[in-house]
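In structure tokens, the next block holds one chain alone, the form predicted alone.
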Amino acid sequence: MESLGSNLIDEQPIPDLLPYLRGRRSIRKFKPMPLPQEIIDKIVEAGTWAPSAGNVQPWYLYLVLNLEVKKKLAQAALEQHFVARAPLVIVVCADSSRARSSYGMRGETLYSIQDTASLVQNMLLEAFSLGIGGCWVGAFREEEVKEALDMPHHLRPVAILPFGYPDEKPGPRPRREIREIVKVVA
């Protein structure tokens, strides 16, 4: 089936994205190998192409390589120790000052969360396309994460993303049927 989308730069068909969406898994076991800088750069750049309300881009990233800081993040993440074993951990933050300046309280409390979620998904998909495993960790104590990274007040951590070469291959998880989640309003 030919793609209906096209690349805005060179008008080439965009490859089907569905296999990537179906294939990506949450990886919690990593090989003890560092990630090359060019891989890290691609993952981060993919995140920056996420959509954001009014193009405010209310995100800020901490790239954590330091083992002691990763251990603090794992502890803050309710003792999810696989976080500390990942070669790279990215902490994604919403910058409330950027979000609030354009959209007030709704920007700070809703749009910045939606925007950073888009950034996270872009990074996870790019990592998967490069053979890198990742996991979206949302269960953590915010104040402990802020303290571990000496974070300024206007940043709010919204996701912890451990990345590395996968040392596991989980199978697909069940999905709800489309008919259960869609209502057509004609």
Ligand SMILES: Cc1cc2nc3c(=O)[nH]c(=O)nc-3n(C[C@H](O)[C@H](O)[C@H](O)COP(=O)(O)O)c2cc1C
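Predicted model, so just to flag it, every value in this text is computed and none were measured. Numbers follow the displayed sequence, beginning with 1.
This protein has a second form, the form predicted together with this ligand, left out of what is shown; the following refers to that one.
Looking at Arg175, you'd find a heavy atom of it within 4.5 angstroms of this ligand in the model of the complex.
Interface membership of Ile43, defined by any non-hydrogen atom within 4.5 Å of this ligand in the model of the complex, is ruled out. Residue contact with this ligand in the model of the complex: Val137 places a heavy atom within 4.5 Å of it. Among residues of the shown chain, Asn66 is not one whose heavy atoms approach this ligand to within 4.5 Å in the model of the complex. Stretch-level contact analysis of 142-150, 26-34, 44-52, 66-74 against this ligand in the model of the complex, using heavy atoms and a 4.5 Å limit, identifies 26-34. Contacts between stretch 58-90 and this ligand, counted in the model of the complex as any heavy atom lying within 4.5 Å, involve Gln80, Phe82, listed in sequence order.
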